[in-house]
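The data below hold one chain only, encoded as structure tokens and taken in the form predicted alone.
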């Protein structure tokens, strides 16, 4: 049965409520997501922490039915790709991030320190191969993914994150550069099912003192 959506999206859930409510949903209502709601969600996601403030994550919002059908084929026909009104393709692009690193240097820095900070980041990652750089960026992308899932739930939308897909096909379909990594696809919309209840380890299973 459809989930209870009686609350307004303007009455945002707090972090604990959003985490408790979130489920991986595979059947969605067909209603389109208003642009303002999606912008509000992604505006939260952009605040995710990033080492050196590099922020290598990028998003493609896929609404077109033809493109979604192509994504579904690339994602082994997982039904949530076709069912959701939108699919967010999270990709990371370290090449672009390093080329524009000055954009991530805090504007409050004196010019000399800002230039030194940008040079430090370029020098640091310049010691890595392009493959190592993009692998690091993908790891940063998972931080943004966590923010995305909670922000969507807080705004009254359900999600289904997917790591099962063929990255090369997704890159080709969306015209993304060959070097970028794609940590996840995320189906998003109003859930038309309850989803499975949480079954998680207790704190004592995952936490220890040292």
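These numbers come from a predicted model, not from an experiment. Numbering follows the first chain given and starts at 1.
What comes next is about the form predicted in complex with a small molecule, which is not displayed.
*Asks:* Taking heavy atoms and a 4.5 Å cut-off, does residue 142 contact the small molecule in the predicted complex?
*Replies:* Yes, residue 142 sits close enough to the small molecule in the predicted complex that at least one of its heavy atoms falls within 4.5 Å.
*Asks:* Quick check on residue 104: any heavy atom within 4.5 Å of the small molecule in the predicted complex?
*Replies:* No.
*Asks:* Even though the partner isn't displayed, in the predicted complex is residue 164 close enough to the small molecule, meaning a heavy atom within 4.5 Å?
*Replies:* Contact check for residue 164: yes, within 4.5 Å of the small molecule in the predicted complex.
*Asks:* Would residue 26 count as a contact of the small molecule in the predicted complex, using a 4.5 angstroms cut-off between non-hydrogen atoms?
*Replies:* Although the small molecule is absent here, residue 26 would touch it in the predicted complex, with heavy atoms inside 4.5 Å.
*Asks:* For the chain shown here without its partner, which stretch in 112-120, 96-104, 129-137, 77-85 has non-hydrogen atoms within 4.5 angstroms of the small molecule in the predicted complex?
*Replies:* That would be stretch 77-85.
*Asks:* So in the predicted complex, are 59, 171 and 179 all sitting within 4.5 Å of the small molecule, heavy atoms only?
*Replies:* No, the candidate spot makes no contact with the small molecule.
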